[in-house]
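Next up is one chain by itself, shown in structure tokens, the form predicted alone.
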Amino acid sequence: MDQPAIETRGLSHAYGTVVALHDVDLRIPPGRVGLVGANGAGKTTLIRILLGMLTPTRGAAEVFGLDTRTHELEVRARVGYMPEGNCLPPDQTAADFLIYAAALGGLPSRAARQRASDVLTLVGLEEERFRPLGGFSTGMKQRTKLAQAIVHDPELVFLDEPTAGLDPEGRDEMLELISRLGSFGIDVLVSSHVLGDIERTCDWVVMLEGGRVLRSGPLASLVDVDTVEIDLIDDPEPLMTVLAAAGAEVERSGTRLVVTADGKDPFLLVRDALADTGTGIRSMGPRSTSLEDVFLAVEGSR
């Protein structure tokens, strides 16, 4: 890995006697990163430390090689933040709020107005730009928060529960927007307890539980497993016997078998076993575990 976008070493933080993060060591590349864990896992605390909003009790955190304790202003100039809670001024229009956010990001007046207009169009709020934010629906408010996070053209944006409170259609639209940010040269860290959202938008995953890192790595390496799923026409028993003798592990549910093989190619084992037994099949294909399966398995092994 070249220069990481985010790096932490022995990072810990406590609120009084409550420890939110325990010795978190991370090295995360640029790209689309998912930060997953249940509510209270330490996700928001980690984001606030990375933004320089909190000083860790112990350890260090860097964003683009900048220590968040000593270079917080430089970090904030290069990142955007979409908080989970409602933070919008109800009496201000979307246009005025975005112009103000762009100006805070350092854009001159004319550039701030143009950038605000462009970003509101990007998130689908061009027709609502002159409406007061207090009258916005939940979905429109989430889009506005995303817009203010990217209006100053950051290199990295932190999104804390961006789909919170959205209906299925609104969730799909928000996830599509998040997926598109990379095409604008913006890296993304998405914090969510909804594992399916992370699977749809991210390439790298960090799993937190109780303030500790369970796993961190490319999504593909976490969820891809050598597993074959077969739906049989004939009696499964002869095939199961041959597969077991060849060293495969077989789970059965009716006529459906799930086959894994430690250190061996399960497709080759299934192919040979089918030929040996003459068993008829309806379908056969790979099966990947979901991110939820991985999370539960790792959490259960602790």
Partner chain sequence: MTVRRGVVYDLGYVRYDGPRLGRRGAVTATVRDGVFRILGFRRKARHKILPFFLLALAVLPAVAFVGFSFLLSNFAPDAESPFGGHAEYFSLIGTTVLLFVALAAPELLIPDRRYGVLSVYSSRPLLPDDYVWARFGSLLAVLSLFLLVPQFLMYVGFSALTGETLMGELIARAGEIPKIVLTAAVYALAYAPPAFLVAAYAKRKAVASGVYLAVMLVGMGLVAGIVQATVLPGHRFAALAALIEHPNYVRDWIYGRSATQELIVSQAGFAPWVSAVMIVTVAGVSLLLVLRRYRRSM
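Please read these numbers as outputs of a predicted model, since none were measured by experiment. Positions refer to the first chain, counted from 1.
Heads up, the form predicted together with its partner chain isn't pictured, but that's what we're talking about next.
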Problem - Segment assignment from 188-196, 162-170, 102-110, 205-213: heavy atom within 4.5 Å of its partner chain in the predicted complex - result: 102-110
Exercise for the section: Tell me whether 51, 73 and 150, taken together, all sit within 4.5 Å of its partner chain in the predicted complex, counting heavy atoms only. Expected result: yes
Exercise for the section: Indicate whether residue 89 is a 4.5 Å heavy atom neighbour of its partner chain in the predicted complex. Expected result: yes
Practice task
Answer with yes or no whether residue 96 is in contact with its partner chain in the predicted complex, where contact means some heavy atom within 4.5 Å.
Solution key: yes
Handout entry: is_contact(residue 139, its partner chain) in the predicted complex, heavy atom dist at most 4.5 Å
Key = no
Exercise for the section: Give a yes or no for residue 115: in the predicted complex, does one of its heavy atoms lie within 4.5 Å of a heavy atom belonging to its partner chain? Expected result: yes
Fill in the blank from the handout: Only hit among 176, 155, 231, 126 for heavy atom within 4.5 Å of its partner chain in the predicted complex is 155
